[in-house]
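This document starts with one chain, in the form predicted alone, laid out as structure tokens.
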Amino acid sequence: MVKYEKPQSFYDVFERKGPGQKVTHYCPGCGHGTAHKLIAEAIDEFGVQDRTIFCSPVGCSVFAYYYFDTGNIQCSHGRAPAVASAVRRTHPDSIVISYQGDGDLAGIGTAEIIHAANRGENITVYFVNNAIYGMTGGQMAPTTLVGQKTMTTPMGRNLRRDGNPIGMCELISALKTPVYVERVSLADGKKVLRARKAVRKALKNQIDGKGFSFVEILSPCPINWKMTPIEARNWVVEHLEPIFPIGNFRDVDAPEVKESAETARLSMTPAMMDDETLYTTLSTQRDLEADKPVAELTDQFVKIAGFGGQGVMSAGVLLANCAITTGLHATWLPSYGPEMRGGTANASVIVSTEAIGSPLVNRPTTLIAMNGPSLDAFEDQVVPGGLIIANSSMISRTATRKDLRFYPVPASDMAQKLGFLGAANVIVLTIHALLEGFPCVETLRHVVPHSLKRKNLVEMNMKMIDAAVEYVAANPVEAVPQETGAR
């Protein structure tokens, strides 16, 4: 009878070390191997191997995909919580694990882990704290102890120069949303058993849909500490544990925190809502009733560009809001210089009937150019057969390409004549709607009042829409001279 065997969630052999190898790349006495086994056993116990996606970033865990027979994603340094959040939202039935070291999570990825925890993402994070950057030679990490010698602190970490080591459990537990926060140790057999329980509970919380769980694991690093494996485990007890005390910091199942946990759950975050609940909430906040959903639409990739103060960003937001109001998917990505006014600015908007993977618009189907430099910068990026709408009040030339449609409109002059130069963006957006078929003008009229912070400008913006409709009626795209590039 086999009493002990390799977890089913591990591969039979570990090809990282060569064909047929059964050992990992971890150094003798390293705690990563123990932590891996505890996680793999929990995955086996709950029967979620086929649903599990393991997110490992740069660091000693960089080759975890050689060991875990699960879904695996290799993440950028520190970004595993962000990747895990995206995976969990797009694959709601998956079980997502973010596995990170101290330099990765507490240093390079501090923002990612704090915000993922604060959003209450339903993921499980295992944080291995060995007080050092292990993979790259043993530099000082955010968790390095005061006085501890490393490659970059040969005289020891200096409190005045480097500050105190960061307690991540203390930071995470200060947030309201996490449901489980615990620190454990791998110093001896008894503590490993306690760590096993914490690893198991953090995974079960995600399976039960409870929310964000965080387990910090104090782990030995004999090679970089320049110790034997036994000495390293003793060092964990004598030096790490006094600075990073093991214990439970938050558990929603504990009676003393049930009431506060329930309060946190009542203030739901978007990460904890389904799409229908989120859409209803957003619509209610905007006081908008959704139009009839658009069943068919060719994906739109729109680049709106100009200088600061021309309403480039707000035009992008307005287009995205029109899409959301009609039940479509939309993204809006701003890009601008440091100047409040006069600097370059552009907004990328994608509208689709399907979920959108990236907000980047590298090949726009429509370019709305509000000034000459914008036309110069983005004309070559427009797809063949695409559309350029040019603010001819500030652009004297026509398109140099003949494989696209070019439609000039004196938007700034029209807006100024109507009494508000700042609304030229509404004119060009209406032109886009009329020429590309989305959004319909009535949707634009419906959304504009709810997108304006200054309600006294609603009537003025409605005049801009009317003026644009009249302009297109008087200047149909077919009537634009061929030498402009129109077709």
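So that there is no doubt, residue numbering starts at 1 and follows the sequence shown. Since the model is a prediction, treat every value here as computed from it, not as a measurement.
Just so it is clear, the following notes concern the form predicted together with a small molecule, a form of the same protein that is not shown.
Proximity to the small molecule in the predicted complex, taken as heavy atoms within 4.5 Å, picks out 102 to 110 from the listed stretches 208 to 216, 102 to 110, 411 to 419, 348 to 356. Using a 4.5 angstroms heavy atom cutoff to the small molecule in the predicted complex, none of 428, 461 and 468 count as contacting.
None of the heavy atoms of residue 310 is located within 4.5 Å of the small molecule in the predicted complex. When contacts are judged by a 4.5 Å heavy atom cut-off, residue 95 does not count as touching the small molecule in the predicted complex. For the chain shown alone, residue 60 is a contact residue for the small molecule in the predicted complex, at least one non-hydrogen atom being within 4.5 angstroms. Within 4.5 Å of any heavy atom of the small molecule in the predicted complex lies no heavy atom of residue 362. Residue in contact with the small molecule in the predicted complex (any heavy atom within 4.5 Å), chosen from 374, 124, 130, 391: 130. Of the residues 136, 164, 90, 400, just one reaches the small molecule in the predicted complex with a heavy atom at 4.5 Å or closer; this is 136.
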